[in-house]
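Only one chain is given next, in structure tokens, and it is the form predicted on its own.
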């Protein structure tokens, strides 16, 4: 099941190569909707987009909601800083993702499927357009209608309900929930929204069986996950490992930090998770273990920070990112993200005072859950963990406006 050995994706797989490897064996009508649902449920597959919701349960809700038509959306709106696995999968394994989408549509008895692809991913759009044409000519789509739509490059556009708004021709703004897309999604109808990596697992589960899938990972989190390592590593790339793999193994696979620098901190799940320190490298990479360590796995974007990183500057950049990416629809989110960034700017510039440090948690607690989507909660874990783990740097900045690590920051969050 390892798609990306040593961080390097396999070559771009053609239609003929995919079929020769067993592709589309599950596409003919030998699997009923109930059989697909039972196999996916038994596999324990959870969504790979960050929330980790059981896929079989989501599909069962969509299928049993007594409203038609039903829809499937492959969410490739990927705009998470540092994430590129959707792009790699669509470019190198388009038929794997397409077959997974076909099976999802059959499972919930959907008439139409939509590929919602980041508008900057022109190559992905081209590859999926070609794959859809090839599968259609071979008769694999049957009566399923499949179309491709461009996703705007704003962070909240990747949220599932915001994606539905864009597909309906509206602005990329999340909906208030409930209702959830599985019961009232696209055009108010039951909709299964799954990300690219999730759907890429489906043909392999149907082809090899749920028990095969459960041989990888942990009892609570079966299977594998693709992790993205950035340019701070000696060997950046997309790496696939079973859940439960020690973080140290991924770090070593990436060749460690460039220039032989010592590791200081880790963000194991993108900008919305809590920081870990270098002495937590043996943390297993699965949602449950990460939760026990005080953080989350998110969608698998790994960022490693070297010993000479100013954590005040990095935390400020994360807060500014969320303030910039708030869609402004929810007043509490718009005000909170802006306020948190402003408070960190004051500390960074040496204008903070001891009382300011106590305000962060109060603001986060007061606004928790008051937005239509999770963005209102996202700045909290990186800010509070940085303040706890690197307090001396924040206090030094508050006093002097600088610290021993105040070097130029990276170009992204």
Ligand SMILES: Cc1cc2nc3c(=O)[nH]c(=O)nc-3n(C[C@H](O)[C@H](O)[C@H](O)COP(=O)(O)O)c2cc1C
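Only a predicted model underlies this, so the values are computations on that prediction, with no experimental measurement involved. Positions refer to the first chain, counted from 1.
This next part talks about the form predicted together with the named molecule, which is not shown.
- Comment: the named molecule is not present in this chain, but in the model of the complex one of 300, 77, 100, 190 has a heavy atom within 4.5 Å of it, namely 77.
- This chain lacks the partner; the member of 316, 226, 156, 204 within 4.5 angstroms of the named molecule in the model of the complex by a non-hydrogen atom is 156.
- The candidate stretches are 340-348, 379-387, 29-37, 44-52, and the one lying within 4.5 Å of the named molecule in the model of the complex by heavy atoms is 44-52.
- Looking at residue 245, you'd find every heavy atom of it more than 4.5 angstroms from the named molecule in the model of the complex.
- Contact between residue 160 and the named molecule in the model of the complex is found at the 4.5 Å heavy atom cutoff.
- Among heavy atoms of residue 374, some come within 4.5 Å of the named molecule in the model of the complex.
- In the model of the complex, the named molecule lies farther than 4.5 Å from every heavy atom of residue 70.
- Residues of 186-216 placing a heavy atom within 4.5 Å of the named molecule in the model of the complex, in sequence order: 193, 194, 195, 198.
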